[in-house]
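Shown below, as structure tokens, is a lone chain in the form predicted alone; questions about how it binds or moves come after it.
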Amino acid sequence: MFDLDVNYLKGKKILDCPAGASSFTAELSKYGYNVVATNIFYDNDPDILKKKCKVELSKVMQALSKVEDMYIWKYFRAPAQLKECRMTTYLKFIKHYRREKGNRYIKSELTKFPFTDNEFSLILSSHFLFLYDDRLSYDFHKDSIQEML
């Protein structure tokens, strides 16, 4: 998603926020990268999160079925492939979260991190602020970006 060169990431401390159920931290940790994920729900039990992931994926696939013809099927060739990829991702996340909760997975709100200023060399945030632009206030967006900076 970010088109990052893994060599660029070496030696950097990376924060993924809000990371959600992504496998980014699990994947990079596997190769020795110093990466931390933060999200508001990282105080939950892994089994509860796994159930939530399953329910959310079902909702996404149901919503997608209504607009499938509007989707550009280049990266994913079909809905089944998309579903399989998302399921694989959240299962990798759950497995790693189970081991690293409290170490690499830290609960926090996007507008107020429990980290010191300049603790991270790189902060990544994918599509969260764009996805909820109509449901989260301007101040939330501004405060979130300021906190990341």
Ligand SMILES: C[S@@+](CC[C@H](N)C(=O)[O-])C[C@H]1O[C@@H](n2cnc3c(N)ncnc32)[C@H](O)[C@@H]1O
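The first residue of the sequence shown is number 1, and the count goes up from there. Please read all numbers here as calculations on a predicted model, not as lab measurements.
What comes next is about the form predicted in complex with the named molecule, which is not displayed.
Stretch-level contact analysis of 39 to 47, 26 to 34, 95 to 103, 55 to 63 against the named molecule in the predicted bound form, using heavy atoms and a 4.5 Å limit, identifies 39 to 47. Using a 4.5 angstroms threshold between heavy atoms, L82 stays clear of the named molecule in the predicted bound form. Remark: I123 does not count among the residues lining the named molecule in the predicted bound form, judged by a heavy atom distance of 4.5 Å or less. Taking the partner from elsewhere, E109 is found to have a heavy atom lying within 4.5 Å of the named molecule in the predicted bound form. When contacts are judged by a 4.5 Å heavy atom cut-off, R135 does not count as touching the named molecule in the predicted bound form. Taking a 4.5 Å heavy atom cutoff to the named molecule in the predicted bound form, the contacting residues in 117 to 149 are S126, H127, F128, Y132, F140.
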